[in-house]
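Quick heads-up: it's one chain on its own, the form predicted on its own, in structure tokens.
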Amino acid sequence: MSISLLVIYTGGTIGMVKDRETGALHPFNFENIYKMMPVLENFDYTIDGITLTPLIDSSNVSPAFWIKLAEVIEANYGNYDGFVVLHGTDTMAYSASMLSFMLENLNKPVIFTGSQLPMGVVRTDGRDNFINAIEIAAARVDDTPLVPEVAIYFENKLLRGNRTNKFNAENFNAFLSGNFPPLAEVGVYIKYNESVILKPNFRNLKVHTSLDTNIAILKLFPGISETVVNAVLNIEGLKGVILETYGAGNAPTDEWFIEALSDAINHGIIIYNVTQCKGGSVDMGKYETSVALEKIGLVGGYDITTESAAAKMMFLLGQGFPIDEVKQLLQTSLRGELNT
């Protein structure tokens, strides 16, 4: 049985090609995918392309974009065995995280990829990223997809999407998964780490499109002022805050700071304690500087990334769950996004 894949081009560097006459870069129409990359004809797959309109720079990604992308996957889910999403790198980790939560009971691969150099540049990394993402999206064992989850493929590594952040703006190796091993590594062979890949549950796909963006990210730094903290915590309509703390979840012990957080929590704002570190986990109570945070009711984020924490909070708040249930689910692994 022939495998069919859908490539969804959303914008970004990877889709830019050079005009032969002017030398200017312009977006390629991925609906003509075989014309652009004849090498794809060597695969025994049917590969279709669709271009989202309008194309966007990934810096302009928004909840409306995520909803559109999820709906495209939902509309085509029964017709294809896997999906490759071409996306700008700057916010790819946010989009991959969000799609992992929006696509409940996902049993097919949704592989995000992109590039640091345009496809139309001789030294582009886009060609290899694209071809390998295609092969991974098509990989099956006993007619079951090998990677039935949302993932990011970049520079020889396949990473769980909601475990990933962009850490380098210039190197081809642009993404990091500090707390979770690669799902696959690509060399002469593609070596899948099957023990850590999510297993299919064979339930019907359920797509969630209700998202609540009434959240904020507050990153601590030495010298942060009471004015700044209160300005964030008193935003009108605020429902949740991602608090980027130091190390294992530590923060200043100043009385004004603890009182500001406590007052916000008492007013129904959820404060999610996430480490600024690219590796390691929040462990509230391990050090004296986090004992007070635990006492006043901050929610520990364990080893979740900031990108995934923001996506998860928007997703959970959008479902209309009671506050206590949101807090519990923030500490529960829903799509493999954290280890407790």
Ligand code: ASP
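Don't overthink the numbering: it's just position in the shown sequence, from 1. Keep in mind it's a predicted model, so treat the numbers as computed, not measured.
The same protein has a further form, the form predicted in complex with aspartic acid, not shown here; the description that follows concerns it.
This chain is displayed alone, yet in the predicted complex one of Q116, S95, N132, S177 has a heavy atom within 4.5 Å of aspartic acid; that residue is Q116. Of the residues D263, D90, E74, E155, just one reaches aspartic acid in the predicted complex with a heavy atom at 4.5 Å or closer; this is D90. At a distance threshold of 4.5 angstroms between non-hydrogen atoms, D48 is out of contact with aspartic acid in the predicted complex.
Taking the partner from the other structure, aspartic acid in the predicted complex has a heavy atom within 4.5 Å of a heavy atom of S58. Figure note: of the listed segments 108-116, 244-252, 226-234, 77-85, the one touching aspartic acid in the predicted complex, with heavy atoms no more than 4.5 Å away, is 108-116.
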